[in-house]
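Just one chain is shown here, as structure tokens, and it is the form predicted on its own.
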């Protein structure tokens, strides 16, 4: 597991190559196996492989989503309004579980924040995504994860570059 964590980096450039159906099924399984507070599983996932739809979704935010048009897959992570008071946490956990599974499968990925972001001065990114995908009004969109075969290489962060000072200790003797 630590090797996957060491290797996983945010990848924003992808090769023009489809992701095999069995790998997409494994990403779906990973999402559904993610831990959820009290086992409520408020999340819903929309897996998008259609290039024209990915192009539209790549315009979800004013900046920071354009690379989705080059991805082979976009996984929209959302939750049903009112199902859980910790839906943000549950969706975030499911999203990173999918990213780690993708890394293990040889895929690159990158988180695209949607919740609390703007599409334009008159529309939220969340409303834009719901409009493009014709999602029900009671869904709350947390993020989109882009997936594809990497067309860039990023080295793992060196252990010396980690922010070790952010590890606090509770021992006071």
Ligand SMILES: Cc1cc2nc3c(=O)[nH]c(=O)nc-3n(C[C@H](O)[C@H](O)[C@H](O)COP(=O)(O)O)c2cc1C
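What you see is a predicted model, and the numbers here were worked out from it, not measured in a lab. Numbering follows the first chain given and starts at 1.
There is also a form predicted in complex with the ligand; it is not shown, and the following applies to it.
64 is the sole member of 106, 35, 136, 64 with a non-hydrogen atom within 4.5 Å of the ligand in the model of the complex.
Among the residues 30, 110, 132, 48, the one placing a heavy atom within 4.5 Å of the ligand in the model of the complex is 110. Proximity of residue 9 to the ligand in the model of the complex falls within the 4.5 Å heavy atom cutoff. With the ligand omitted here, the record of contacts in the model of the complex names 64-72 of 124-132, 49-57, 64-72, 35-43, defined by a heavy atom within 4.5 Å.
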